[in-house]
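Below sits a lone chain in structure tokens, taken as the form predicted on its own.
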């Protein structure tokens, strides 16, 4: 594992209305690590991901992605270097599987051919057949939807992938298969992964480090 910090959180304070979630909280996440964040409901796990992604801004302190300060000026550009994988219902329902997969590529003005080539490269990695590409999310199984979400999250080769309980709505067999899949992707890409999970066994299986909030 690389000792360089992919994410540096320094003395942040964050509150929803008057409910304090973080007080002088600091954390370093190393490049290439797979950090699993655990803790009781309401402790701030998902909030921490949103702060890293810039969806929320701390009232005090700072967050750096690499050596760059996460702030409003550079927020869009920095966010485009991250992937965000949520639960299976996070796909755009009005877009086909293929359109969901290439969403981030369209934001980067990839050509149609480059987009097709990238998807064809990733389909075997997540055990999906090309026949699902023109189907809409409601026509796919839960496991298929989540695989589409995984492709959408890594298609643009992000520096950091954030995952917010991505497997919690799936049956155990599908969940186990996708855990194996994500573990393989992490090993092959050396991308920094940060995942929220309620499952200690999942955290122990996937994580190179476990943070309990």
Partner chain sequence: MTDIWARKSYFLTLFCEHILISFLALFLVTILGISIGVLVFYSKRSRAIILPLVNFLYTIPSIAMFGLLIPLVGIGFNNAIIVLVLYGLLPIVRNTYTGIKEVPHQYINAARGLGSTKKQIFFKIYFPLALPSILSGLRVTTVMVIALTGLAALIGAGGLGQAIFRGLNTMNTDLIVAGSLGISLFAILGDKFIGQFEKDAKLQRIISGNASIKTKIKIFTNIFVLLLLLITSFSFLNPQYKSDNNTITIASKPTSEQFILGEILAQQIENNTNIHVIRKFGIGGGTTNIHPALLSGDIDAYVEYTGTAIMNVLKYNYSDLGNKSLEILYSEYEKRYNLEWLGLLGFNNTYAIAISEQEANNKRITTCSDLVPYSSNYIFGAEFDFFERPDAYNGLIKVYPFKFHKLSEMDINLRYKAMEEAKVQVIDAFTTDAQIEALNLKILKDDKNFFPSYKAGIVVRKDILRKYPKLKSILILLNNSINTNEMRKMNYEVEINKKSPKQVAKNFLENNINK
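Residue numbers count along the first chain shown, from 1. Quick caveat: nothing in here was measured; it's all calculated off a predicted structure.
Here the subject shifts to the form predicted in complex with the partner chain, a form of this protein not shown in this document.
- Looking at the partner chain in the predicted bound form, residues 80, 95 and 136 each place a heavy atom within 4.5 Å of it.
- The partner is not drawn, yet in the predicted bound form one stretch among 178-186, 30-38, 45-53, 63-71 has residues with heavy atoms inside 4.5 Å of the partner chain: 45-53.
- In the predicted bound form, the partner chain sits within 4.5 Å of a heavy atom of residue 103.
- Residue contact with the partner chain in the predicted bound form: residue 127 places no heavy atom within 4.5 Å of it.
- The closest non-hydrogen atom of residue 141 lies beyond 4.5 Å of the partner chain in the predicted bound form.
- Although the partner is absent from this view, residue 115 stays clear of the partner chain in the predicted bound form, with no non-hydrogen atom inside 4.5 angstroms.
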